[in-house]
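Next up: a single chain in structure tokens, the form predicted on its own.
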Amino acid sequence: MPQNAYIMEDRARGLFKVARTAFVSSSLLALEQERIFDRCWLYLGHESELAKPGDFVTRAIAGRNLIFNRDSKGVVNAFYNTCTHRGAFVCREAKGNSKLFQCFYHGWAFSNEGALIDQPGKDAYCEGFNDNGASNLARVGRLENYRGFYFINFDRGAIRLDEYLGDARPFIDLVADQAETGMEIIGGTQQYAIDANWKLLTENSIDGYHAATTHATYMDYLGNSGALARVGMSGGAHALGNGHAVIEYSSPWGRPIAQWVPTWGEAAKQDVADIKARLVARAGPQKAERMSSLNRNLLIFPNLIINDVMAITVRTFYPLSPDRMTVNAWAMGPREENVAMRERRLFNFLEFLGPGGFATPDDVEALEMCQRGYKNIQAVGWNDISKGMLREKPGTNDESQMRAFWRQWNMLMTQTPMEAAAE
């Protein structure tokens, strides 16, 4: 079986294994920062979070503290949240609206376009002190967006975002096109931490195999409501290039984008029918049916998850150490959604996807148990990710989508030309 430090793969026999050292090594985490988080496109935020000129949010992205804002001219920016004088934050709020950012340490002030506009004791500085702009707020190397999803890249020489997203773009379109007037982030940010390696959540987020056992309580709930008898769960997995992957499948739960369920009551039928009719008019019957009746768990390598399921959640996560990560999640929906459908969407979101829902506590427990299990690494040193490898059309319960992630991760980490194409 061909192997390197992290991956063993035998395509002929259908075997794929990942070394557990990938989940526990501090030196490996430092290399991930250099080769993955410093070079890949990373999700920063959605355009709806910056609805008006002057709006801003602050984010911690791959160890950097950033300001994501729309300036007074309407231009979207990504600045490093550090004063060019002595390094303190220039913005200490999580979000807001401001024409300037002022460092509380010595009072240097910057416009929301990033320009240094005032310094206490300015007459003590030399003439033309900032003529070259070196003391303006520093910008992140690259900032681009696709369908309102903004990404940054710390590598100025990186490929364009649209090229990086590649075959993942149509799946982002299936989310963005659900709205007539645009998608929006609903409410604030859900933040929590998990005592496990970040790659475990990448796997978990696109893993259909664990649902029946890890989420048995939720499956019992669906069974008792009769939902599983009405609509099963079936579908497929797709590698999308550059480490991106998706599972797409039918479901027994209600979808605010036009899949009614009896638990919503008869009153919801007309709302759903109206949404579906408008969706068909915009997208055509085939795409509208796919958008309304199929779910998608989409991974944008390395750490953006868009779950378009019983609600839409956008989630990112970053390592603090080999065995701890921080997680940020946001609910998303169409701007024009009426009050009743918005309530159903948020109920669905909190019921399953939220930190206190059916799914997330189960997943956190599973991932933390995996991390604790890696203390036995000397006896059992490899994870198996072989399921469905010899199938022509892998299903959602197979692991093809995870192998797509690991091949890209391995290529970047080892700098060897290991094939990352779909099976």
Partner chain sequence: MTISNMRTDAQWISVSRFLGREAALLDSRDWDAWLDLYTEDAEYWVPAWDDDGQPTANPQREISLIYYPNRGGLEDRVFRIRTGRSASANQATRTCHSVQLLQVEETANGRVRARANWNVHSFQEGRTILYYGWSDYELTPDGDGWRISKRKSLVLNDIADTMLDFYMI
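Worth saying up front: this structure is predicted, and the values here are computed from it rather than measured. Numbering follows the first chain given and starts at 1.
The protein also exists as the form predicted in complex with its partner chain; that form is not presented, and the subsequent description refers to it.
Exactly one of the stretches 373 to 381, 387 to 395, 358 to 366, 22 to 30 approaches its partner chain in the predicted complex with heavy atoms within 4.5 Å, and it is 358 to 366.
Of the candidates 267, 75, 94, 134, 94 is the one whose heavy atoms come within 4.5 Å of its partner chain in the predicted complex; the others do not. For the candidate set 349, 101, 198, 79, a heavy atom within 4.5 Å of its partner chain in the predicted complex is found for exactly one residue, namely 349. Contact between residue 57 and its partner chain in the predicted complex is found at the 4.5 Å heavy atom cutoff. When contacts are judged by a 4.5 Å heavy atom cut-off, residue 277 does not count as touching its partner chain in the predicted complex.
When contacts are judged by a 4.5 Å heavy atom cut-off, residue 138 does not count as touching its partner chain in the predicted complex.
Among heavy atoms of residue 331, some come within 4.5 Å of its partner chain in the predicted complex. Contacts of stretch 177 to 194 with its partner chain in the predicted complex, defined by any heavy atom lying within 4.5 Å, are made by 186, 187, 188, 189, 190, 191, 192, 193, listed in sequence order.
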